[in-house]
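The data below hold one chain only, encoded as structure tokens and taken in the form predicted on its own.
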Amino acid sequence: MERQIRYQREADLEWAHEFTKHPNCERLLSCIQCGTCSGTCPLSIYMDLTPRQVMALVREGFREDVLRSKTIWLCASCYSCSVECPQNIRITDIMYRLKREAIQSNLYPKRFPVPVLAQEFCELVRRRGRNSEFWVVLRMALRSNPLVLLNMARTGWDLWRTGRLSLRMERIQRVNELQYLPTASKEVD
């Protein structure tokens, strides 16, 4: 049986304070825990923590609990939580920041494909300047759950046979001249 109680001494209050220094995360401490964000989120029924709980855990410094949750990865970036928030907290931007920190700290849920997809997408774009859908999905599946390829094989075959799936690895010319990519991908790496 897993312990559900968290004690304040386990929290990292310094992290919570530092977190509010990131752009668009400054108003986090003004959260009044009204739950409007959870009520407006169309995906909250699928999340392990509601957006309100995520805001509370970040404020209290429970870093690992937040970064290991699936909630930050299920956020669809629809911004309904941010639009409805009575305190004008940019909750979606906070979710983006949490995703970046989870990848940097390697604390995302194990065998959960979304963080792996983000890493593989950024790596492919950084190296080749373009995303090749087949290769991104293949690399993500091999790193997260190779057995899923068996379920996808029939659909992949049908898409390739009808010309809707290219196996070609695309690349732009003069990829080395792209200056912004290393800076942008470091945020996700």
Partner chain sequence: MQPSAKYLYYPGCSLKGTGIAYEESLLTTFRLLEMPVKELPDWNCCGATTYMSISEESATLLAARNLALARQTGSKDLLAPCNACYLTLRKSQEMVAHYPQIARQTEQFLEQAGLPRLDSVRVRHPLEVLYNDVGLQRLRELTVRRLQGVRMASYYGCQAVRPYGEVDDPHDPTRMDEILKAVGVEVVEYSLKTKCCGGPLTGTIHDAGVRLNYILLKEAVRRGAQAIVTICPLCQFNLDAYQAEIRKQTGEPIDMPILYLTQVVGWALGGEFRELGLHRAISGRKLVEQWFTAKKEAETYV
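Numbering follows the first chain given and starts at 1. Rigid core (definition): largest C-alpha set, two forms, superposition within 1.5 Å. Quick caveat: nothing in here was measured; it's all calculated off a predicted structure.
Although not depicted, the form predicted together with its partner chain is the subject of the following passage.
S.K.: Please check if residue 152 has a heavy atom lying within 4.5 Å of any heavy atom of its partner chain in the predicted bound form.
M.R.: Result yes; residue 152 sits at the interface with its partner chain in the predicted bound form.
S.K.: Taking its partner chain as it sits in the predicted bound form, is residue 113 near enough to touch it, meaning that at least one heavy atom pair lies within 4.5 angstroms?
M.R.: Taking the distances in the predicted bound form, the answer for residue 113 is yes, it comes within 4.5 Å of its partner chain.
S.K.: With the partner left out of view, is residue 9 within 4.5 angstroms of its partner chain in the predicted bound form by any non-hydrogen atom?
M.R.: So residue 9 does not count as contacting its partner chain.
S.K.: Considering only heavy atoms, tell me if residue 130 and its partner chain come within 4.5 Å of each other in the predicted bound form.
M.R.: Looking in the predicted bound form, residue contacts with its partner chain include residue 130, since a heavy atom lies within 4.5 Å.
S.K.: Note that its partner chain is not shown here; using its position in the predicted bound form, name the residues of 144 to 164 with a heavy atom within 4.5 Å of it, in sequence order.
M.R.: If the 4.5 Å heavy-atom criterion is applied to its partner chain in the predicted bound form, 144 to 164 yields 152, 154, 155, 158, 159, 161, 162, 163, 164.
S.K.: Residue 139: CA shift of at least 2 Å between the shown form and the other one after core fit?
M.R.: Passes the 2 Å threshold, so yes.
S.K.: Honestly, after the rigid core fit, is residue 9 moving at least 2 Å at Cα between the shown form and the other one?
M.R.: No; that C-alpha moves by less than 2 Å between the shown form and the other one.
S.K.: Is it true that residue 130 shifts between the shown form and the other one by 2 Å or more at the Cα, once the core is aligned?
M.R.: Yes, shifts by 2 Å or more.
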